[in-house]
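Shown below, as structure tokens, is a lone chain in the form predicted alone; questions about how it binds or moves come after it.
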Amino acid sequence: MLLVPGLVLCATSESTWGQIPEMFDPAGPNAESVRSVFWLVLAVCTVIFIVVGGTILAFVIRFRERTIDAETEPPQFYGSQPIELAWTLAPALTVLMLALVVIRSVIELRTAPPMQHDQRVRVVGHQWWWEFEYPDYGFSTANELVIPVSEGDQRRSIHLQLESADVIHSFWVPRLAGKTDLIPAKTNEMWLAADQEGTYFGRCAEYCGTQHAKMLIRVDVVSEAAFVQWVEQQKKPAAWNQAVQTGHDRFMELACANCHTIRGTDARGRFGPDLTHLMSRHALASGIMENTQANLTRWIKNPNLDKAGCRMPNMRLSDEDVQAIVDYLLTLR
């Protein structure tokens, strides 16, 4: 992990979401404010560095050692109230100024009660995946947040209710907003908005366990019409045909149905991600692999191969059961 003031970059293996978050190219008003504060702090610190470094360099050159009369004592100074006052007040005023700027920005970015046209999403952090619940529409998805873009003067704010199911996590999508922690037994809130359509990547920004670096976020910002279409599709229950009935039956008979929900079936587990429209997502396991048949088979057969210590156990299924379940899951679109 590389730590820089105001920036955290986590090295990950190459994947569909292996891009480095770019906080210096904001795509929304929240992220724009964060960038402005960052540049201000950097500019102030640069000025301080130049002044202090330049003064030290000047003193080194001006008062470097010279050959002098050993019997002559150099001039002695025993303090200067103006200088002492200056080096006390200058740092204090600088810190006060930066504190006021940050406080003002935090107040401006603090979430307000959602307006009638705003979108609400409940975000729950798990080790190591994200749950996104859309309470206004009655469905949940995982790892991939879909939101409408702001159009013209009408800003589409997305109000996030942040909760944790286990340890401290932190929600961070650099191009859309600053990071906010998810604390067990506490609900935090934040908002974000996007000025342009596109896909934005983020990650958990608080170390939360061995697979912290593989807890990625994808935010798809789409047009209002595309968002409405996506919502209508997500609201539908699962549908499958008789050709995969065997896989459906095995999914229900094994422990899969105890951990996962598939709306329209008897699977109502809440421990793992909702799989009702699994194949509409771009990636598996919180973004560490593309959502393909081969990767889905590998994941179900032994999740710990790619995410050691994850809460999904190796069920030691036979190849026939794995294939039947995969064939069934492939129909969940």
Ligand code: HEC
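All residue numbers are counted from 1 along the displayed sequence. Note that the structure is a prediction, hence the values are computed from the model and not measured.
Below: the form predicted together with heme C (HEC), not depicted.
The contact residue chosen from 106, 225, 83, 255 relative to heme C (HEC) in the predicted bound form is 255, the criterion being a non-hydrogen atom within 4.5 angstroms.
Exactly one listed residue, out of 37, 267, 44, 300, brings a non-hydrogen atom to within 4.5 Å of heme C (HEC) in the predicted bound form: 300. Stretch 256 to 264 is the contacting one of 226 to 234, 256 to 264, 200 to 208, 169 to 177, since its residues have non-hydrogen atoms within 4.5 Å of heme C (HEC) in the predicted bound form. Residue contact with heme C (HEC) in the predicted bound form: residue 28 places no heavy atom within 4.5 Å of it. Interface membership of residue 23, defined by any non-hydrogen atom within 4.5 Å of heme C (HEC) in the predicted bound form, is ruled out.
Although the partner is absent here, residue 276 is not a contact residue: none of its heavy atoms lies within 4.5 angstroms of heme C (HEC) in the predicted bound form. Contact check for residue 164: no non-hydrogen atom falls within 4.5 Å of heme C (HEC) in the predicted bound form. Contacts with heme C (HEC) in the predicted bound form, taken as any heavy atom within 4.5 Å, map within 268 to 291 to 271, 272, 273, 275, 278, 281, 283, 284, 285, 286.
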